[in-house]
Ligand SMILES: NC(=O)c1ccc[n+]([C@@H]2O[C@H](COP(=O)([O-])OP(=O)(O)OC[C@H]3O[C@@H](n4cnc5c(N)ncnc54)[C@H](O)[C@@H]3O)[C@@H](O)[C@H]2O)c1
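Only one chain comes next, encoded as structure tokens, the form predicted alone.
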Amino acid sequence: MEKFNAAILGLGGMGATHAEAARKSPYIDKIYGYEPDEERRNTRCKEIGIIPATLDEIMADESIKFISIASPNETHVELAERAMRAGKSVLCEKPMGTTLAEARHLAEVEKETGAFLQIGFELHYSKMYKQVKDWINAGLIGTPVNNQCRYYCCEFHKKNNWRSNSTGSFLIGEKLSHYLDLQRWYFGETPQNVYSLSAAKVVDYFNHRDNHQILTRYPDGKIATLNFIMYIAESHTGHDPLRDLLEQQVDDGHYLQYHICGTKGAIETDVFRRRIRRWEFGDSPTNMTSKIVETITFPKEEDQIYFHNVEGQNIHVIELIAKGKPSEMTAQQAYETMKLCFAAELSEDTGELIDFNDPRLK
């Protein structure tokens, strides 16, 4: 097996996760790491167990064929473009850009260079959400027509954190883009229009909104909603060692649930109950019937594989690159999700129903 080298740009917590995934790939030989500050670069590379290198060294080294970008959001476009123009294959954390123009530019660079680019929507590789897609593709719920997501959590970004200090559409683009992307994936359609509302802030030190109620209409009467609140659950002030963490959280107000309803059945995903369920609709002399016909549960040791399988995604992407296969989520597809995020933000800013072809989204 011919191996190649990898480089990780951005060596925070997510960068360490990317480095560990590259280490587990049978296709990767050496792993290099980059941070703009030399002292931090050397320290973090030693901690993670990879080789420090400058950005110029990484881009010039032909043995480095794969670049994984886990740097701050505002650097994603610049680094991804430079890597693609240097002939590298790129996996970049979302968001695809801090503006829609940036995201569109990155898609254009991918097309121009013919480079491999995949944006890190790892829920496509997470067992919980992939199971939903498999059931839909098998026709087990008929045609999906209604997609509901309820996401309630506590405020865990903390004061004066880069997340709480971020502005604009931060929460939608950084966090909720995953769940808006799922509705696009499950419907297999491009949105028609978006209407979103946000109540007055409760978390007064946020520079961005702390709640979103996003309603999206798709072709053929399909609709999706995302109801997000970032303060209703109890704060993470400690974990009772005698209780399972997710059990404790679901009891104190945390929710992350999907309900995908189709013409022949429905599916529920429930993160905090570690459960996936499928309903089958039927008929009787008196009414339509509904019956739970399949339930999948899993142990806490498999949480990340089911919820946010970054490692599995990265290992799989490296395999695609090694075998000369194309990205499984094109830049254009990722751009469509980013466009949905910015349409929701525009709707909240203006109070308008936003058409997906609105010139303000160009």
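Counting begins at 1, following the sequence as shown. What you see is a predicted model, and the numbers here were worked out from it, not measured in a lab.
The form predicted in complex with the named molecule is left out here; the points below concern that form.
In the predicted complex, at least one heavy atom of Glu122 sits within 4.5 Å of the named molecule.
Although the partner is absent here, Asp210 lies well away from the named molecule in the predicted complex, with no heavy atom inside 4.5 Å. In the predicted complex, the named molecule stays beyond 4.5 Å of every heavy atom belonging to Glu280. In the predicted complex, at least one heavy atom of Pro36 sits within 4.5 Å of the named molecule. For the candidate set Ser89, Thr98, Ser196, Ser71, a heavy atom within 4.5 Å of the named molecule in the predicted complex is found for exactly one residue, namely Ser71. The partner is not drawn, yet in the predicted complex one stretch among 59-67, 317-325, 303-311, 332-340 has residues with heavy atoms inside 4.5 Å of the named molecule: 303-311.
Along 1-23, these residues reach a heavy atom to within 4.5 Å of the named molecule in the predicted complex: Leu9, Gly10, Leu11, Gly12, Gly13, Met14, Gly15.
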